[in-house]
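A single chain, nothing else alongside it, follows as structure tokens in the form predicted alone.
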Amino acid sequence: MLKVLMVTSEANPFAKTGGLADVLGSLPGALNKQGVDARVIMPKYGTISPSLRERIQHKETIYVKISWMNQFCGIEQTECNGVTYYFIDNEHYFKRDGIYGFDDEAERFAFFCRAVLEAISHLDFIPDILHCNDWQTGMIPVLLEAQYRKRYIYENISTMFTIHNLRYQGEFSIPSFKNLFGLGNEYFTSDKLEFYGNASFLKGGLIYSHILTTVSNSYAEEIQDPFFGEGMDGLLRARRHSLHGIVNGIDYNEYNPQSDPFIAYNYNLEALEDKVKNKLALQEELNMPVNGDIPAIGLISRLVDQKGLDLIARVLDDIIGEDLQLYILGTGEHKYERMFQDAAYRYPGKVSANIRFDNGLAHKIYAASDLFLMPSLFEPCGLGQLISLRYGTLPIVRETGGLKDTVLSYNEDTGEGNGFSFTNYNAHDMLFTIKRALQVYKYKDLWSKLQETAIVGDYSWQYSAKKYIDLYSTLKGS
């Protein structure tokens, strides 16, 4: 059986700030169902809920060398949804109020990278493949080749590195890298770790891993272009034959309108007419006018420029001027939080601004909305549009990254489509597409057909897990 150890800085339900956690909370289980022994290793954060923490068992204590220090490292383990999760425990680095954003990020994740490699020799599980995810794990392939490869248990381990968002690169000073990792000058040249005068965790993963993946086919192409490449485009072009795009899936147990415990009325393809009951329930809950006929647009997002919020800002009054209701959920930049709060004040009964994280409300908005707005500047994969499709809510997206790969814009001539899209990063193109969707909404039979197309699509991990397994199989023993 193929053995894969997936390394991550976060995984649902233990720790989550974004889509990375959703992937590492659901992909391992999908791999296991297809005959792989996939396990996960991550930091043991202080933010893990007490109910989950009490299930985690201490296995062994080791000490990990980082800089001049020998630091305590607890190796702990639990099982969740049939998947084994290992934890690297060090309260100095990980028992904090948050997950990221501290002054010693380089040291924290340098410790984590080395601790993962040291822990392998103490587990009852020697992986064929280390599957690393995002910059926090990027130095593992480097250290494996530089300092561990000649040791017996490491000599046949292969590496895969997945880019979830190229913008975050783990860039720190070269002296700090030398101090933390004990690497010589030969590792800090432009063809290795050096990156515009500093050094980069992410670049280490891109240079030293056997295979690179990212989370959609279009994003794999886009990041080879300077606009999307974040300074890494030349390297990614050089490694293009080792770079593969595999679109993410969603957890069908968590996102299932037929059994979702958060929504007021469960429904499926055979009872799609019950979807509108969720709109009525949400309108009542959020003190909006109760009207099943008015189109509802949902927006669940980090409120930042990347998500196309600057486009929305330019034409927000024009959007709200249409016959619709707008439901916003999320937090982010203060200017966008205030923008939506102000819109809710100026347009009572048309805008509901919920500036917070609320998982239950997110499910309700997915189920209640008719349209889901996601006009991102760039989107490596995106999960919002996949979830909305699962709930029969038609996405309005910009054609970039995973949005381009998963949303087929409605074609009047053929009748095909599962949503609406626009190409240029332009506020008025977005506004035109919103108006187009609202026009189509008026034709109830057509709208029902598009909803059916959306809801019957396969957005699970089954197909994508098979593609990962195919890549793993090319690495085994390499």
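Because the structure is predicted, anything quoted here is derived from the model rather than measured. Throughout, we count residues from 1 along the sequence that is shown.
Unshown form predicted together with adenosine-5'-diphosphate; subsequent notes refer to it.
In the model of the complex, the one of 205, 375, 382, 298 near adenosine-5'-diphosphate [non-hydrogen atom within 4.5 angstroms]: Checked against the cut-off, the match is 382.
Considering adenosine-5'-diphosphate in the model of the complex, which of 357, 227, 345, 125 comes within 4.5 Å of it through any heavy atom? Result of the distance check: 357.
Output flag, 255, 302 and 387 jointly within 4.5 Å of adenosine-5'-diphosphate in the model of the complex, heavy atom basis: Answer is yes for this spot.
Looking in the model of the complex, any heavy atom of residue 315 within 4.5 Å of adenosine-5'-diphosphate? The answer is no: residue 315 has no heavy atom within 4.5 Å of adenosine-5'-diphosphate.
Give a yes or no for residue 18: in the model of the complex, does one of its heavy atoms lie within 4.5 Å of a heavy atom belonging to adenosine-5'-diphosphate? Judged by the heavy-atom cut-off of 4.5 Å, residue 18 is in contact with adenosine-5'-diphosphate in the model of the complex.
Contact flag, residue 307 vs adenosine-5'-diphosphate in the model of the complex, heavy atom cut 4.5 Å: So residue 307 counts as contacting adenosine-5'-diphosphate.
So in the model of the complex, does residue 327 come within 4.5 Å of adenosine-5'-diphosphate, heavy atom to heavy atom? Flag for residue 327 set to no.
Stretch in contact in the model of the complex with adenosine-5'-diphosphate, which is absent here, among 394 to 402, 112 to 120, 72 to 80, 362 to 370 (heavy atoms within 4.5 Å): Single hit among the candidates: 362 to 370.
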